[in-house]
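Have a look below at one chain only, the form predicted alone, in structure tokens format.
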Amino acid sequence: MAEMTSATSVQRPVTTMQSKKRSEMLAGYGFVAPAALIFLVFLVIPILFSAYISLTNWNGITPLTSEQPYEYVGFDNYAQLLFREGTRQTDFFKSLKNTVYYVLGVVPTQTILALLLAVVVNQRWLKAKGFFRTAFYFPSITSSVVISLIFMWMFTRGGLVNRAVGALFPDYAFINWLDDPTGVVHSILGLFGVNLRNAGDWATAQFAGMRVWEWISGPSVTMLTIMILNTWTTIGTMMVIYLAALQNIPTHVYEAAYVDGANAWQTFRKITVPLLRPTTFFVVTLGLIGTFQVFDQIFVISSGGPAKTTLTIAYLVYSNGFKNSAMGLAAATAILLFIIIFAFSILQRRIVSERADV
């Protein structure tokens, strides 16, 4: 009888512990369920639906409830974009070239400038820190459409930029900066008398409907102004992220460096930058995703022109789906954009380590 009582007393805590774990698990699932439901409805299901639509020729107009709203075409949309010669393939690779130039120009610039601004406004000797932090962050919370319209006015033929340049150089002829399809690399090489259009067979060789000299043209003057606009409007947000990370670095680390005789540059290069590596990974990831998906500035300022030199992949998705009534092709373009962003994110993860090298 004593043995049975002892066995019962041992089993009761186990049963109680299992019941407690079960109740905690149910409570955890209950807290997660609303967010998981929103994630499923507004992200997972649309992605799966887009993947299916990319295999059809749906025009985006005919209701899906009609008898014949679309036709299943398999991977034909992807073949048109990647392998089949024609206008659609040429437009896709033009948008890819423009987007890659945009990403390579904006992401490193905004990351470096944001880090430098964060370091400056984090200095103890700086007065009016609140003013400078607000001033640097203010463009990030301003409507991108409004700022794009202001930039359009600044870079027009009679805008502020032309008037400023004309005041410095009296013989300067006013131009419309947002209507210039000339590649920046071509313009720079032209200063040295290099014309890639007449450079021989290698320069005129075709790839995806584009000559080699077009691929190495660099961003157009119009795209360069949009890159400047985007950099200016995003460094404030990145600066705040870096600023929060800087303030979390222990002060005794800098004190030890000072005792060891390290100067400001050595401290920044050997301590600050390595300790900010996880933050840099986060900032670069945000920059990659944002720049690959750039649309609003392109739509407001140039709508893909001039000569499709500002045509980006995100704008091509909009153009195929809502202008050309080819929603299946637009969905295929969006899926390819997702794959490109994912590939670049994995690549930069390997370049920018997520762990700080302390």
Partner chain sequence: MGKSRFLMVALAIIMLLALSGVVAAQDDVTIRLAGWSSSEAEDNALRAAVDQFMEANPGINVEIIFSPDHPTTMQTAFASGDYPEVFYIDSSKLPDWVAAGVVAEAGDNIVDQDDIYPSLQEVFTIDGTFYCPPKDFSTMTLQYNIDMFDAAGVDYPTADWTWDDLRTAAEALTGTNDAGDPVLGLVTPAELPRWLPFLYQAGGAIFDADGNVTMDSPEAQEAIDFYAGLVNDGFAGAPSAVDSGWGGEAFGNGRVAMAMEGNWVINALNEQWPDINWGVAPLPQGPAGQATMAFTVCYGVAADNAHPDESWALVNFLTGPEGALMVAETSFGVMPARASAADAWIERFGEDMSAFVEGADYAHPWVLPVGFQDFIDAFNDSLQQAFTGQLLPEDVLTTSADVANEILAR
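Positions refer to the first chain, counted from 1. Keep in mind that what you see is a predicted model, and the values were worked out from it rather than measured.
Same protein, other form: the form predicted together with the partner chain, not shown, and the subject of what follows.
- For the partner chain in the predicted bound form, the listed stretch (87-95, 256-264, 110-118, 238-246) containing residues with heavy atoms inside 4.5 Å is 87-95.
- Mapping the unseen interface onto this chain, Arg269 falls outside it, with no heavy atom inside 4.5 Å of the partner chain in the predicted bound form.
- By the criterion of a heavy atom within 4.5 Å, Gly158 is counted among the residues contacting the partner chain in the predicted bound form.
- Proximity of Ser187 to the partner chain in the predicted bound form: non-hydrogen atoms within 4.5 Å are absent; the residue sits far from the partner.
- Proximity of Pro63 to the partner chain in the predicted bound form falls within the 4.5 Å heavy atom cutoff.
- Of the listed positions (Pro181, Gly166, Pro139, Pro278), a single one reaches within 4.5 angstroms of the partner chain by any non-hydrogen atom in the predicted bound form, namely Pro181.
- Along 307-322, these residues reach a heavy atom to within 4.5 Å of the partner chain in the predicted bound form: Ala307, Lys308, Tyr318, Gly321, Phe322.
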